[in-house]
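Only one chain is included here, represented as structure tokens and corresponding to the form predicted alone.
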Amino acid sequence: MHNFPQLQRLFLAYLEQNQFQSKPHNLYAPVNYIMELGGKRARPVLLLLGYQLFDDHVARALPAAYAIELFHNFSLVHDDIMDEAPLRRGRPAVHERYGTNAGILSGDVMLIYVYQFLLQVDRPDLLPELLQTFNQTAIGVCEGQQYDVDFEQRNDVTIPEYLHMIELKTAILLAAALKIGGMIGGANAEQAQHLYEFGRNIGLAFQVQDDLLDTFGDPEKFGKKVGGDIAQNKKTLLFLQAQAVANEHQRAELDQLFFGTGVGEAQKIARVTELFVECGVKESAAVLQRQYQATAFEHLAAVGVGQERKAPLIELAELLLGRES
């Protein structure tokens, strides 16, 4: 049995062995650049952990794990272009370093190579179902990104709409990684679906926690400026919950701070944070996060394998949900 750091190293070695050496250089250099920028590699490792629940020969799942990481990074390349984001993981974003056209085209080829690596999975009997699972997930991620863009122009976003958006944009790729790994490892349909629901609920809990950390996290541990979502007028869960429960005066002030002008950034962050505290949204968001977490572990408990096989997956989930950064 492998733990998270061991599977991380196994995946990184596979990534190193599968760098893109083809020509033209200007197409593939941006691909290698984004793939080497780092990150926890949580999605490919989740796929390997899903596989490991049912089979010990985890290297067999590496092509699928690589496919999932390729897709994730493809989405980052295109998201950064759409958001005009200058940095990715503290380094220049692909479009900043290589140009927008290179970012678009290199992202496109990454998406195509996802299918090349899925075809390398040594389970031809599973290929139609694997492709269907991946395709549904990829479509959902694109839909989630579009909802996120649309919400920037709307002042009437509801909490259910927001939760659906983060489910599509973030949670379902974690869910699909676990399900695909389990399927390749030998999970039956019921077990694979429980793994999917485990990953989906962990992803939702993770994103709710991210909203909380952005406003209430310790700046020294969070690793970036606390209050960034407030400064950018993002309609996070905290903002939507505050809107829902605020009294008339609080709602008017909140709307003025978010949609009005003339307030300095530091003053805005401080006052919005105070309003969030007054409205009790820190507590209500934390309750929702715990509900998602509890539901996730109920689904994992229903996967019929020994507890010792689940231990590395539980350890990773608790690491993700117990983070302060």
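Everything quoted here is computed from the prediction, not taken from an experiment. Residues carry their position along the shown sequence, with the first being 1.
Omitted from view is the form predicted together with a further copy of the same chain, to which the following refers.
Interface residue remark: Gln250 is not counted as part of the site for a further copy of the same chain in the predicted complex, having no heavy atom within 4.5 Å. Within this chain, Asn26 lines the site of a further copy of the same chain in the predicted complex, having a heavy atom no more than 4.5 Å away.
In the predicted complex, at least one heavy atom of Gln132 sits within 4.5 Å of a further copy of the same chain. When contacts are judged by a 4.5 Å heavy atom cut-off, Asp255 does not count as touching a further copy of the same chain in the predicted complex.
Only one listed stretch (172-180, 187-195, 77-85, 202-210) carries heavy atoms within 4.5 Å of a further copy of the same chain in the predicted complex, and that stretch is 77-85. Listed residues Thr215, Gln145, Asn73, Gln243 were compared with a further copy of the same chain in the predicted complex; Gln145 is the one with a heavy atom within 4.5 Å. Taking a 4.5 Å heavy atom cutoff to a further copy of the same chain in the predicted complex, the contacting residues in 100-137 are Asn101, Ile104, Leu105, Asp108, Val109, Leu111, Ile112, Tyr113, Tyr115, Gln116, Leu119, Leu127, Pro128, Leu131, Gln132, Asn135, Gln136.
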